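Quick setup: one chain, the form predicted alone, written in structure tokens, and binding and motion questions come after.
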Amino acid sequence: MKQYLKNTWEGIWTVLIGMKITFKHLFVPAVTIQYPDVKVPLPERVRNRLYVNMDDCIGCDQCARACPVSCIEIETVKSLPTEDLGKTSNGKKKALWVTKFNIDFAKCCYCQLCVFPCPTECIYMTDIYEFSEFKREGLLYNFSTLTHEEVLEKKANFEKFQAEKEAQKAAEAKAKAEVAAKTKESENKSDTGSNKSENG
């Protein structure tokens, strides 16, 4: 009987301790933030989604090389001598068309290591943290400003320019070889003529 009463008292005492904590918080004003209507102010050095300002990007590929998880993929095409791509905001001349600049945020670990090597400071962390998707493909962000048709055009133009350059080099080499062959032939003729005059 004594044990029964002891167990009953311990059960009631445990409930009373729990109720004490409940009543303590019952009359305290709520601190729940009504997300998404109200958002917590983020720290100044917060690291969230990356952004690339393509007007300043020179396609140097340094951010992609610095990335420890290889989530940045860049492809470039050299501009033609007749094309003017302009300058970046810090005065650096652009020489490459950036045909592809993809960041896979499903892989990104938000380490910010890609930000520091950028010579034009075109890639940086933003305060945007709401970018969830239903499919992984939605987390692959394409920052390139060129359309698919423009990319094909730039590639074709550069290939054509390279082919013309190679053809010009081949023509110059052929002309040089012909000149060398004619010079050698004339030298041989003059040597033959001098030999005949010596013998005569």
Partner chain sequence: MYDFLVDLIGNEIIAAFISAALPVVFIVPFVIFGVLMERKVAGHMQDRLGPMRVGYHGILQTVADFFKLLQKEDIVADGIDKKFFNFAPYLVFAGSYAVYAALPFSSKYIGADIDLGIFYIIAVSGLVVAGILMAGWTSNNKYSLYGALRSAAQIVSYEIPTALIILSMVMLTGTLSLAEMSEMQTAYFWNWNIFGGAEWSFTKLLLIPFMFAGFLLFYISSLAEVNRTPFDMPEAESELVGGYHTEYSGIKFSMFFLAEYANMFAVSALVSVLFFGGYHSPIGYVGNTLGLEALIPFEQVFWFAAKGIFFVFVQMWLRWTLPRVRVDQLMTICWKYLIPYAFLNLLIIGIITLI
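Residue numbers count along the first chain shown, from 1. Quick caveat, the model's predicted, so the values are computed rather than measured.
The form predicted together with the partner chain is left out here; the points below concern that form.
Only one listed stretch (153 to 161, 167 to 175, 59 to 67, 35 to 43) carries heavy atoms within 4.5 Å of the partner chain in the predicted bound form, and that stretch is 35 to 43. Contact check at 4.5 Å (heavy atoms) against the partner chain in the predicted bound form: all three of 22, 25 and 30 pass. Shown alone here, residue 180 lies farther than 4.5 Å from the partner chain in the predicted bound form, counting heavy atoms only. Heavy atoms closer than or equal to 4.5 Å to the partner chain in the predicted bound form belong, across 4 to 18, to the residues 4, 5, 7, 8, 12, 15, 18, ordered by sequence position.
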